[in-house]
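So this first bit is one chain, no partners, the form predicted on its own, shown in structure tokens.
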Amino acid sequence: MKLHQLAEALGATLVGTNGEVEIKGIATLSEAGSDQLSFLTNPAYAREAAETGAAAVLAKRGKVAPESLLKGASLLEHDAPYLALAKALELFHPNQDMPAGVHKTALIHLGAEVHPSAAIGPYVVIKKGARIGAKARLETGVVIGEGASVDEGAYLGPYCVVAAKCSVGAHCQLEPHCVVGSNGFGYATDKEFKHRRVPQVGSAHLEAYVDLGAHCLVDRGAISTTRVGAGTKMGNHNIIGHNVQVGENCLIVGQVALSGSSSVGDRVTIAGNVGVVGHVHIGDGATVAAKSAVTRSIPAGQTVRGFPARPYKEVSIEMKLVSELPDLFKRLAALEAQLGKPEA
């Protein structure tokens, strides 16, 4: 694809004179060659952009001077360069679709419904009453429980499990070893401190366009439904407890644990290694910084951090004051040496 064609496909403005060069791929600023596109989505790499050997650099409109690039390199200006980069990567690296059909080693119950356009890989197990939608793709070792469903265009990576009566919405993408519908952590303790398992009889449901990173677990509800809203994206190693309700278009980074019956609004961002206690709510548009512990409900739109999580600015001021304590103690010691220590 010629550079000017790529700019048009991305909705970018080409600033430069090499629009006829053939672009063969995308590479980082330090590795790109004269037939490749590179990108500047973080200003910390401005120096690398000035020295890159790429044919062109994709960057935010008005943030990079064309003359700062090496002679011969062009600039592709875009209002949202990271989104444009995503589209460019899709153009140069299209999905390798699995061919429709059922692998000879798959085990499919006669009472299951599999759309003819679905792709069923080796050693997949689909149990009675399960339903697999059009163009769904199930990789090696996937297990679909009795009465479960996988909707149109969904992708389940190797060894994913959708437990009985649970569901995965249209165009979801699950990386390897995800489980939708694992039993929630529910135990009743008697006077002798023996723990009796409480049956988890609810279900779990992913709405459309949900992505789960590798090794994510979504527990079934104890009695009702655990639900993850449309468009929500998760990184690796997340745990969504029983009865949890997650809103739409959330970003949940890796190693996050949402305890049972907690809830998350729409457009919430939860950074890595965050824990959320049960029965609290995180409001729409809130942000939880990395390594925080949410022990009480968070209002909509608020950014929090720390243990326990509190307003970001408040905690930042306290951390700054803590960092100044050694100097304060030195100054206090100097004053005591000059004036004498107060009597006890």
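Under this definition, the rigid core comprises the largest set of C-alpha atoms superposing within 1.5 Å between the forms. All values derive from a computational prediction rather than experimental measurement. So that there is no doubt, residue numbering starts at 1 and follows the sequence shown.
We do not show the form predicted in complex with another copy of the chain, though everything after this point is about it.
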query	finding
K135 within 4.5 Å of another copy of the chain in the predicted bound form, heavy atoms	no
Interface membership of S323, another copy of the chain in the predicted bound form, 4.5 Å heavy atom rule	yes
Heavy atom of E139 within 4.5 Å of another copy of the chain in the predicted bound form	yes
Partner contact for E51 in the predicted bound form: another copy of the chain, 4.5 angstroms, heavy atom	no
Position in contact with another copy of the chain when the complex is considered in the predicted bound form, options G33, P308, P66, P299, heavy atoms within 4.5 Å	P308
Within 306 to 338, the residues that have a heavy atom no more than 4.5 Å from another copy of the chain in the predicted bound form	F307, P308, R310, I317, E318, M319, L321, V322, S323, E324, L325, P326, L328, F329, R331, L332, A333, A334, L335, E336, Q338
Did G11 shift 2 Å or more between this form and the one not shown, C-alpha, core superposed	no
Is_shifted G25 between this form and the one not shown (CA, 2 Å cut-off, rigid core)	no
